[in-house]
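A lone chain, given as structure tokens: the form predicted alone.
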Amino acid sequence: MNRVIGIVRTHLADRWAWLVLPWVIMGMSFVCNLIIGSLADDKIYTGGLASIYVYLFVLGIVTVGQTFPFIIGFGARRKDYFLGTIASITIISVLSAIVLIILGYIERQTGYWGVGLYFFNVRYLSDGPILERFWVYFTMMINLYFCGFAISSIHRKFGRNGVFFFFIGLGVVLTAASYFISKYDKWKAIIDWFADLAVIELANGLFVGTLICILVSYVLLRKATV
């Protein structure tokens, strides 16, 4: 347990990357949208909140390259590295989800910042009760982080060519899926299924996807070179 806590401290010691920069980026997006909102006459539904999620995806990619060789080089077990990384992003995602919920409340109480700007209240994602919103924000963050982490794990295990082959294979699968969906005229059924999908069901699906990414990453990094 002490080793895991030590790895958490090692990750979070980079406060700029884990704690500051994502909010700086999102804050800049908010200010830009607020200026636009002050000049517009209608309500503005912006996608600026996505900036923090995109950042976590990128953070997941860079984490392996920046910390895996360093931490393992100091004698840490790969299992402890994994548990410490999971604990770190869980802490960040929990705190971030809470802050987003608070900012969403402030946004509503201020009449959407007085200019009709819907930045922290996103239709569909923010429609449910507070616990549901927390689960949605949390699962989206941890999912995108480990999607990036899994891609970086492929690179650590198989190198640049491994990443190339992964995306080529992914492109082939998506192309084949698109072909068969079109051939059997199933696009409407799929679109209708997504339209009827409750946000909590989406969040639960993302959490399952996160567990798959974690498992794949662990298998890859168990034997990866440092």
Partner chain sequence: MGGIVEVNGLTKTYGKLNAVDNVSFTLEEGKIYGLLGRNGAGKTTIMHMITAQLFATSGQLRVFGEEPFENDRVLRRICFIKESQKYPENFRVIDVLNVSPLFYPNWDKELAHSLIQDFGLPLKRRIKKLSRGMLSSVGIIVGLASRAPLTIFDEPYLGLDAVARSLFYNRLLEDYAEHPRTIVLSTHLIDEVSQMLEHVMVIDQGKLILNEEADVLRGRASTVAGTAAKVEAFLAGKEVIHREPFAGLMSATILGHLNAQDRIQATELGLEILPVSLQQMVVHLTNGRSHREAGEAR
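Positions refer to the first chain, counted from 1. In this text the structure is predicted, and so the values were computed from the model without any measurement.
Omitted from view is the form predicted together with the partner chain, to which the following refers.
Picking from 83-91, 69-77, 120-128, 107-115 the stretch near the partner chain in the predicted complex, with a 4.5 Å limit on heavy atoms, gives 69-77. Interface residue among Val20, Ala13, Val208, Leu215, judged by heavy atoms within 4.5 Å of the partner chain in the predicted complex: Ala13. At the 4.5 Å threshold, heavy atoms of Val219 stay clear of the partner chain in the predicted complex, well away from it.
Applying a 4.5 Å heavy atom cutoff to the partner chain in the predicted complex picks out Tyr218, Arg222, Lys223, Ala224, Thr225, Val226 from 187-226, in order along the sequence.
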